[in-house]
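Shown here is one chain on its own, the form predicted alone, set out as structure tokens.
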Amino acid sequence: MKKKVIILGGLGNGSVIANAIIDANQRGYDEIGFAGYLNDREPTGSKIEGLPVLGKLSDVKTFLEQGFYFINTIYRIDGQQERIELFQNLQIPDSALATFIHPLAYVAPNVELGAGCVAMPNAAISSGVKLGKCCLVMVNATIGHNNTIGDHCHFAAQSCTSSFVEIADGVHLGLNCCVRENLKIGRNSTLGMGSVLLENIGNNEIWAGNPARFIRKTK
């Protein structure tokens, strides 16, 4: 039986992942099916791009009791801690987090995926990678071999991470950025779109440029 999945979020990461699940179903993937959103900005009963809003984040417990599963997509670029704490306060057990790998994604057989991870179409996750829970690997993102990645990380479309990189919790890698091998990226940090990272990033820092340089601390 398909797992009924609710996405926490809406327009943006939430809607593109919802449509990727629908596309996967049309291709014969039948492990999970999209049921709707929980969203605090749109009224219950409304629709986001034609797909239903089932309630607010505060309704999580009700849907847990009904046997639904969840994917979290509520992230931000400028520091993640507040959004991570918002998710943690919902107290969703790992057993109720759905992991979604689109059939057009490549995930090496020995990759370790935490609960609630997503690998979108044409994403590539190479051998020996370990991802924490609730990581989003978006369309055409590439993660090289033997990376160690924390919880709640976001790899934007066409981002490219080389090998033996250590990425802490809550990191955002922007569109089309590149990360050199053997680097460390600290907790809740951001690498801007199109950036080329050649050195380590500390905790709670925003870097951008080619080569990337420190811009400021996260808010």
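Numbering starts at 1 and follows the sequence shown. Note that the coordinates shown come from a computational prediction; the quantities given were computed from them, not determined experimentally.
The form predicted in complex with a small molecule exists for this protein as well; it is not shown, and the discussion that follows is about that form.
Residue contact check for Arg216: one or more of its heavy atoms lie within 4.5 Å of the small molecule in the predicted bound form. Taking the partner from elsewhere, Gly209 is found to have a heavy atom lying within 4.5 Å of the small molecule in the predicted bound form. The shortest heavy atom separation between His152 and the small molecule in the predicted bound form exceeds 4.5 Å. Taking the partner from elsewhere, His172 is found to have a heavy atom lying within 4.5 Å of the small molecule in the predicted bound form. Partner proximity in the predicted bound form, defined as non-hydrogen atoms within 4.5 angstroms of the small molecule, places exactly one of 46-54, 32-40, 62-70, 174-182 at the interface: 174-182.
Of the residues given (Leu90, Ala124, Ile77, Leu104), Ile77 alone sits with a heavy atom within 4.5 Å of the small molecule in the predicted bound form.
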